[in-house]
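Take a look at this single chain in structure tokens; it is the form predicted on its own.
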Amino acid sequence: MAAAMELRCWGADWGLPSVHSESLIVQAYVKFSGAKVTVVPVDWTWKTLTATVPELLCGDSAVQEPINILNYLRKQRFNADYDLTARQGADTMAYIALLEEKLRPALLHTFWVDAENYANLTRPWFASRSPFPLNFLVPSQHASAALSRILLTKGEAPLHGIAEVEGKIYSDAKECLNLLSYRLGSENYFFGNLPTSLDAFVFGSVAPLCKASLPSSPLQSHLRQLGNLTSFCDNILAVYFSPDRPGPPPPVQDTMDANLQKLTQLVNKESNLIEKMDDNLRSSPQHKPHRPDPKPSLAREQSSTPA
């Protein structure tokens, strides 16, 4: 029997199953792939400081970071990318890299570095979900890590300070959103009729920006002009996370396994029925089959007719 899987992540708000982008990526993929995972929020526990979220626990294994967690789930046969072609797989990797390079720095700045957003939304939310005295430590720790990451990835010469970097990262983020909107077009998902890992990464990155009540965000204003991306987020929330909607269809592999099991049961029943019929025939009195006398041939009739 497979070990139970548990996902530690930040909790729900803003109409989302998690306000944390990385946690949201994994939760979306879990839904898309049909994985049996128990979601355990770290809110109001000491794990808000000590744990690295999202974190997937399975038996003795502990996996962190969305890309590693998704790879682990694929090894457990929960693969939302099962039907992708080689070209689509390569496109998936390219777009995920684009999100990490172009969009993520702007999201970090929007939620953790922008003074107005941090003071009025981000800091109060994370402080309210952390126990005393961690409510004083957790928000500032996240803000410091976000600033360091932005400067580490985007603070190359001649852009050394955060004020100089700000214009560049928002320009890149808007370009990234435009490319995603163009690639999505009028479809519900990026590849075909079912969501894949790319849809999980885009949803996890875009949905918090779409749903948060940010007092100051030119990037959010730009996103709301891209109607297909906001509809993309709304559709995933309605289909996969709404308690009022029936669950999505099971994964292809699960459906195949269930059909094979039903077919095996049917064959076994038919086999048992045939064996019982054979036993009954063997135990019942046997009679020679009645065969009517063959009709005389035309040649014999002619020979027996008087000349």
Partner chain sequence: MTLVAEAFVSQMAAAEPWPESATLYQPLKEDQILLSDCASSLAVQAYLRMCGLPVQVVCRANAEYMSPSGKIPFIHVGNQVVSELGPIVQFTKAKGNSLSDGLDDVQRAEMKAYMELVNNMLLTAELYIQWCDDATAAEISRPRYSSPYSWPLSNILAYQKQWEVRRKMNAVGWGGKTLEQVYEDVNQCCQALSQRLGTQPYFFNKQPTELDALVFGHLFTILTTRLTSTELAERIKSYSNLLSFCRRVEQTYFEDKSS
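Positions refer to the first chain, counted from 1. None of these values were measured; they are calculated from a predicted model.
The protein also exists as the form predicted in complex with its partner chain; that form is not presented, and the subsequent description refers to it.
The stretch that touches its partner chain in the model of the complex, counting heavy atoms within 4.5 Å, is 170-178, out of 203-211, 170-178, 111-119, 222-230. Contact with its partner chain in the model of the complex, defined as a heavy atom within 4.5 Å, holds for exactly one of Glu100, Asp234, Asp83, Glu187, namely Glu100. Against its partner chain in the model of the complex, the set Arg87, Thr153 and Tyr182 is in full contact: each member has a heavy atom within 4.5 Å.
Although the partner is absent here, Tyr72 lies well away from its partner chain in the model of the complex, with no heavy atom inside 4.5 Å. Although the partner is absent from this view, Tyr95 contacts its partner chain in the model of the complex, with a non-hydrogen atom inside 4.5 angstroms. Taking the partner from elsewhere, Arg149 is found to have a heavy atom lying within 4.5 Å of its partner chain in the model of the complex.
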